[in-house]
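A single chain comes next, written as structure tokens; it is the form predicted alone.
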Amino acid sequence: MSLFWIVIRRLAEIEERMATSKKVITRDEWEKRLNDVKIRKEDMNKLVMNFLVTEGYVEAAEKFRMESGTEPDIDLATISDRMAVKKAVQCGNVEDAIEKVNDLNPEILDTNPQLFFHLQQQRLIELIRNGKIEEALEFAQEELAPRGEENQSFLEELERTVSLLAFEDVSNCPVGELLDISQRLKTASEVNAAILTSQSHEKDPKLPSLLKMLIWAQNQLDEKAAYPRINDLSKATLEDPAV
């Protein structure tokens, strides 16, 4: 037998021993350990409020504030303004969105050239989408080309966008995804994050990060023990291990 197969066989034997030597934790023992972990309701409420505020559910946030007594860390009135900007971008009304951002805080775009370029790029995309070819070329030349001369990455993005004009059938265009709704959503999310940052608020809700941490922790624990784990995060029910 060659050395290669000897090594493979030994590794297989080691893995088998590790698998069979995993500690088995029963449901009763696991639930007892979970119950020993004390989490304050106040902290849970703050987590929920953080999600509602960051994602822009202003009515739900107001109702939750009244029911739980949990105060948001920003003025709830500003959520409506932020969501109006986000909705404008999602609907393709980029000029309106830019005006609303400047009404909220002119420094957001003044201090974030990448965000401003992406909004202007989205304006160009909308002109192309609506078949306003001459207006699109003029806008690209006057508003975007000068910025591309100052920034190589901007120039590359501009070239990709303008290449849409070379195809009558955008389904055959290698950058046709720029006309997808997903591109609007991407730009809207970038604006939303910038507004939140300007308000000294996290740009992403904490809850998804905690769920990712839960998945990572379970994957790490899987290597050492068999235990009741959460496989469906939407239900958050413990499932007994297969032993």
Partner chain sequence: MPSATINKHRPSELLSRLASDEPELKVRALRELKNQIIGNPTKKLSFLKLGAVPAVAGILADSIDEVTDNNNCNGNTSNILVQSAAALGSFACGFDAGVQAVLDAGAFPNLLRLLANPNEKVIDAGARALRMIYQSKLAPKYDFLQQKNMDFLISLLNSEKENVSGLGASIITRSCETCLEQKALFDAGILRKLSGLLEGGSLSQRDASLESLATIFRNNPEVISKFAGPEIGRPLSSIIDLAKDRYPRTRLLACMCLIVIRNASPHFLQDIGIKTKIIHILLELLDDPGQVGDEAPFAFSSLIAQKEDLQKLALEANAIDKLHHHLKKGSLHPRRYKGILLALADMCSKLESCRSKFLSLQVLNLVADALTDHNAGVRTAACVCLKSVTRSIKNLSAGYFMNEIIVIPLVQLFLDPSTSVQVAALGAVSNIMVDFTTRKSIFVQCGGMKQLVQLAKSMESAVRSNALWALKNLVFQADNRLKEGVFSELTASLLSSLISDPEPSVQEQALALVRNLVDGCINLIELVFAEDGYILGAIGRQLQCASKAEIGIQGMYALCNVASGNEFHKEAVIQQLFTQMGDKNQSFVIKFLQSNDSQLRTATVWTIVNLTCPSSPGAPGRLEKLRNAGIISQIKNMVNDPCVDVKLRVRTVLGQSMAFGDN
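Quick caveat, the model's predicted, so the values are computed rather than measured. Positions refer to the first chain, counted from 1.
Below, we turn to the form predicted in complex with its partner chain, even though it does not appear here.
Distance criterion of 4.5 Å from any heavy atom to its partner chain in the predicted complex singles out Glu150 from the list Glu159, Glu71, Glu150, Asp75. Note on contacts: among Glu55, Glu190, Glu202, Glu62, the single residue with a heavy atom within 4.5 Å of its partner chain in the predicted complex is Glu202. The closest heavy atom approach of Leu164 to its partner chain in the predicted complex falls outside 4.5 Å. Its partner chain in the predicted complex comes within 4.5 Å of no heavy atom belonging to Ile133. Contact annotation: Arg123 falls within 4.5 Å of its partner chain in the predicted complex, judged by heavy atom distances. Its partner chain in the predicted complex comes within 4.5 Å of a heavy atom belonging to Leu127.
Interface residues of 109 to 126, taken as those with a heavy atom within 4.5 Å of its partner chain in the predicted complex (partner not displayed): Leu109, Asp110, Thr111, Phe116, Arg123, in sequence order.
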